[in-house]
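The chain that follows stands alone, in the form predicted alone, written as structure tokens.
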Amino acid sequence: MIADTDIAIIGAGVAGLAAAATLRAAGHPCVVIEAAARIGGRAYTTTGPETAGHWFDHGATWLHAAERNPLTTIARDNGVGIIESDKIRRWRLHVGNRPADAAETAAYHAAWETFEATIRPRASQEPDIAFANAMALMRDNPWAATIELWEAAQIAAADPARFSLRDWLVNDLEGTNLILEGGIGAFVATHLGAAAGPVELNTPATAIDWRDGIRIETPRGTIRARAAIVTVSTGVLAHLPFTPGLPATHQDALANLPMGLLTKIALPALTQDRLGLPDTMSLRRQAIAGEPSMSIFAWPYGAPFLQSFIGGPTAWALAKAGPGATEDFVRGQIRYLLGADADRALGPALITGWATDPWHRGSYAYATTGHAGARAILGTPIAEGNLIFAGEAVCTDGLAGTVGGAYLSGAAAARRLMSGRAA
């Protein structure tokens, strides 16, 4: 049995840890439960033979918008090593299976200027449209599919045909991107975990009753609380029974905040030449509309592995087909871009499993067309202000989908409940 409490926190990802740290710093009683056997949620670092002993972030990788990201200050205050990614990351553009020439590179940069002049202004107009529909304004540009792949499927992990252009605009990240030495997941587990205090692991919430106070059912018994902060992903939240059911407004918002998917694949180097690629180089291939694609990040920040990213519908389709299909696709792309024997220089793949992880069911949420306001709606407290949903999915400050946004959301929910403000 777990003791009853004033405030229960469901989920010990970044939002849940931030909420717990905020409450406990104020001396406020709370209980934190986590379905998995670890804390951190989608901030998860491993170090093993699959990555030649180097750390690897399965989920969150960068501190985006570092100038206003609260984790930047926490990292610096704790002496965590920081790598300024933007200063050392290099790019190489490919057309087909060869590097782009000067004219093609110039056309690529011109396409981004067209995007900024055409698509960004449209995102502020009514009605909201799908990102893919907006890109139709550039349909004759040979680089339009590349931009769509990068902005929607890879960065937002979204389906371009369903992704709200307005949601893209609100959450288009600005500022500096930082890497934390040792990995963001390890940083979260060590530093945020210490501030948050004890967490009841292997304790999933199986049902929530909010008729008279809050009652949370778990395999270890019922937890009774005055209030609760629910920080699970929208993929999990959609399967969590509530009594009574959530208000129609919240149900509609939840239905329009599906989980996107970004799959990462690490392939360790087996040879010293490392395919002749320098450290920290991103290879971006010209995308062809209707064809699956991905990007490659060679030896990120000196790591001894080649890292690939597959996002959006392609990631979901490959995940459904299984890890073997994902690895075959990645190796095929590497052979196409870098030579017929290139993948022989790479060891067994480490493939992230967010699609099949029952405690997350995807990478992070995006709003569907016409529902950019769903984040704010889902984040509106219910049960007379005593039941609050927090996390990256409900961020309305432009940091949705990020660990910084999750942290701010969790801390804000805790402060709200301590202040006793009604919904």
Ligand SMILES: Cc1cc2nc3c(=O)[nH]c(=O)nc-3n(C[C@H](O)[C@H](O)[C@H](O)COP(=O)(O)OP(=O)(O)OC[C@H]3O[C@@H](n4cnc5c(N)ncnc54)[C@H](O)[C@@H]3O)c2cc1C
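Given the structure is predicted, the values throughout are model-derived calculations rather than measurements. Numbering starts at 1 and follows the sequence shown.
Omitted here: the form predicted together with this ligand. The next part is about that form.
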query: Output flag, 89, 146 and 283 jointly within 4.5 Å of this ligand in the model of the complex, heavy atom basis; finding: no
query: Contact assignment for this ligand in the model of the complex, among 142, 193, 204, 268, heavy atom within 4.5 Å; finding: 204
query: Option from 23 to 31, 378 to 386, 47 to 55, 352 to 360 whose residues, in the model of the complex, bring a heavy atom within 4.5 Å of this ligand; finding: 352 to 360
query: Touches this ligand in the model of the complex: residue 232 (any heavy atom, 4.5 Å); finding: yes
query: Contact test in the model of the complex: residue 264 vs this ligand, heavy atoms, 4.5 Å; finding: yes
query: Residue 36 within 4.5 Å of this ligand in the model of the complex, heavy atoms; finding: yes
query: Residue 60, heavy atom within 4.5 angstroms of this ligand in the model of the complex; finding: yes
query: Residues in 10 to 45 with any heavy atom within 4.5 Å of this ligand in the model of the complex; finding: 10, 11, 12, 13, 14, 15, 16, 33, 34, 35, 36, 40, 41, 42, 43
